[in-house]
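Just the one chain here, laid out as structure tokens, in the form predicted on its own.
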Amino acid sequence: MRLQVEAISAGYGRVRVLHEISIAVDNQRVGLFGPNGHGKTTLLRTISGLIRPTAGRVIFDGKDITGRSPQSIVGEGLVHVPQGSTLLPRMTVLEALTLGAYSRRAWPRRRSTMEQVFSLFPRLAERRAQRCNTLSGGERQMAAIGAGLMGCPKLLMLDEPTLGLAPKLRAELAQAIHAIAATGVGLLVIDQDIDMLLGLCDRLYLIEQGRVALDVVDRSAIQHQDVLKRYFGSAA
């Protein structure tokens, strides 16, 4: 699996957010971090086809997917779990997970994938008949990631998966993300939890003002305090 984002520019209307940004994911776990509002979410939305770039291209497994529909991109094995709960509220957990397997490549494997999701998130198995709008914030995030996994991704993109969660739930979800990585699924993760990213990712990109401000290929080459200094402007 290889994702190449080559000199992508994109934004909203006349407002440009990304400025010729380039990143790569090669069968690995890659983290994006940086101040809010500097283009991280826009980058994932552009890769997944929700935003059409004004310049540059996105290559996934040797195919140019620039400008293709989100459904087509999911069919190639590139799955995006957006920030916040995006599940249909009146669906049950089981229905939401099943919907995640709608692509042709995922549908034949839906039963075995469902078992894997329930093994990863036992709480979802307990609440399979429960409506999504009655789940806690942490459970909704588990269900959203579970629905993403139902698409049988080669690369799973997670936007702020631990945002707003209590420390115990954050740690539980981080452990599950590590388990997903151990299965060989590629990961591209945005998160404010720098410790999680440093412990999970093989490579880190600092995104500032819609550009790559720092590319850390060897995570052992940068220390936690260095990251905080770049992120917040001073060591914490």
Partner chain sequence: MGAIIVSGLVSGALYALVAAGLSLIWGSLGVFNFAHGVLLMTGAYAAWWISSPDGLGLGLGIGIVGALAFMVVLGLVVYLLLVRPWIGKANAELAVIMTTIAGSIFLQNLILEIFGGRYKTIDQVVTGTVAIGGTTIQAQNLLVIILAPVLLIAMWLFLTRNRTGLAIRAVAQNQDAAQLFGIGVERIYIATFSVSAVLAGVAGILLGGLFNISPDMGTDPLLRAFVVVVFGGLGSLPGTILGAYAIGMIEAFSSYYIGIYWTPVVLFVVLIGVLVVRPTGLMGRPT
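Here the structure is a predicted model, which is why all the values come from computation and not from measurement. Positions refer to the first chain, counted from 1.
Same protein, other form: the form predicted in complex with its partner chain, not shown, and the subject of what follows.
Among 172-180, 41-49, 56-64, 22-30, which stretch has residues with heavy atoms no more than 4.5 Å from its partner chain in the predicted bound form?
-> Contact-bearing stretch, as computed: 41-49.
Going by a heavy atom distance of 4.5 Å, is Leu158 a contact of its partner chain in the predicted bound form?
-> Leu158: no contact with its partner chain in the predicted bound form.
Using heavy atoms and a 4.5 Å limit, would one call Met114 a contact residue for its partner chain in the predicted bound form?
-> No, no contact at 4.5 Å.
Answer for Glu126 alone: is it within 4.5 Å of its partner chain in the predicted bound form, judged on heavy atom distances?
-> Flag for Glu126 set to no.
Please check if Lys154 has a heavy atom lying within 4.5 Å of any heavy atom of its partner chain in the predicted bound form.
-> Judged by the heavy-atom cut-off of 4.5 Å, Lys154 is well away from its partner chain in the predicted bound form.
Heavy atoms within 4.5 Å of its partner chain in the predicted bound form is the criterion; list the residues of 52-69 that meet it.
-> Result: empty, none.
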